[in-house]
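Just the one chain here, laid out as structure tokens, in the form predicted alone.
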């Protein structure tokens, strides 16, 4: 029938348009990754995505130096690892009463947290810089760790609270009956059961800090303390000259810790809260 044929044609047209849109989005993600991989082994790398005429590891040899890669990477691991650990611990302690105890202040507090996540980091850096100068935390690793953790904490609390709501309270009540305190039930029951949630908060916090350029650039002054997110700017030379091959090689090395972290916690991310049977019987 003509009507059904026209309807099928419209559906096919919409499907083709959707497929074309998805392919365009996929290309937007794949092309930069392809440029990084190909340029890292290209002796004559430029801004074009092309198969190199010859494969070389000279770009990696040039960047695998203590002052170029190893020291900045170590600084990044110290900053982001310490701040992530502090963020996860504080988020768990803050999310627990929000999840388990009801109060008229819970909703305003959560709304304040959500509002805090929308504040641009550039809007608060001037007063933060002045405060850090007054308390002698400027150009210190611990001061940058504290600010990293504070900037990620609002969203981490919100995430952790939502995951914590999925753990049945009956399991804690059974532990309380056996004499466990609230802190012991959080440590021994709630957190182990919400492993996927802790993994999500950990990966999200670490990734957001790992790629942050502005905060360490403002709060750290000594070149030896600069993380890799700031030292990558050294590959952009004067008058617009860029060593693209070394930049691509450094980018691959710089991305490796984040990829390894995701691989290590991937099995936790795939877990679920299949706890329904734990409260039956």
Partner chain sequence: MTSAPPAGPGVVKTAPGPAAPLPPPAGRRDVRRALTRALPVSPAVVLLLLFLAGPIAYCAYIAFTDLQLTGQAESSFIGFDNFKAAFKDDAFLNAVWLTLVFTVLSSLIGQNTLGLTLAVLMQRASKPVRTVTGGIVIAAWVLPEVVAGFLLYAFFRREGTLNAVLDWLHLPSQNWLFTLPILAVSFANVWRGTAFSMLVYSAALNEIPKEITEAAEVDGAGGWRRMWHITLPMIRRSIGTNLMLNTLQTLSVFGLIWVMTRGGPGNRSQTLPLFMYEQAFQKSMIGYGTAVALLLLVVGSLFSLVYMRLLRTEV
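Residue numbers count along the first chain shown, from 1. Here the rigid core means the biggest group of C-alpha atoms that line up within 1.5 Å when the two forms are laid on top of each other. Note that this is a predicted model, so its numbers are computed, not measured.
Just so it is clear, the following notes concern the form predicted in complex with its partner chain, a form of the same protein that is not shown.
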Practice item. May I ask you to choose, among 131, 77, 180, 200, the residue with a heavy atom within 4.5 Å of its partner chain in the model of the complex? Key: 131
Practice item. Have a look at 66, 223, 32, 54 for me and say which one sits with a heavy atom within 4.5 Å of its partner chain in the model of the complex. Key: 32
Check your understanding: According to a 4.5 angstroms non-hydrogen atom cut-off, is residue 72 in contact with its partner chain in the model of the complex?
Key -> no
Review point. Quick one: is residue 163 in contact with its partner chain in the model of the complex, heavy atoms, 4.5 Å cut-off?
Key: no
**Study point:** Proximity of residue 187 to its partner chain in the model of the complex, heavy atoms at 4.5 Å
**Key:** no
Point to revise | its partner chain contact at residue 127 in the model of the complex, heavy atom, 4.5 Å | key: yes
Revision key, fill the gap. Across 42-71, the residues having a non-hydrogen atom within 4.5 Å of its partner chain in the model of the complex turn out to be 47, 48, 49
Check your understanding: C-alpha of residue 55: shift of 2 angstroms or more between the shown form and the other one, rigid core aligned?
Key -> no
Exercise for review: Taking the rigid core as the superposition reference, indicate whether the CA of residue 33 shifts 2 angstroms or more between the shown form and the other one.
Suggested key: yes
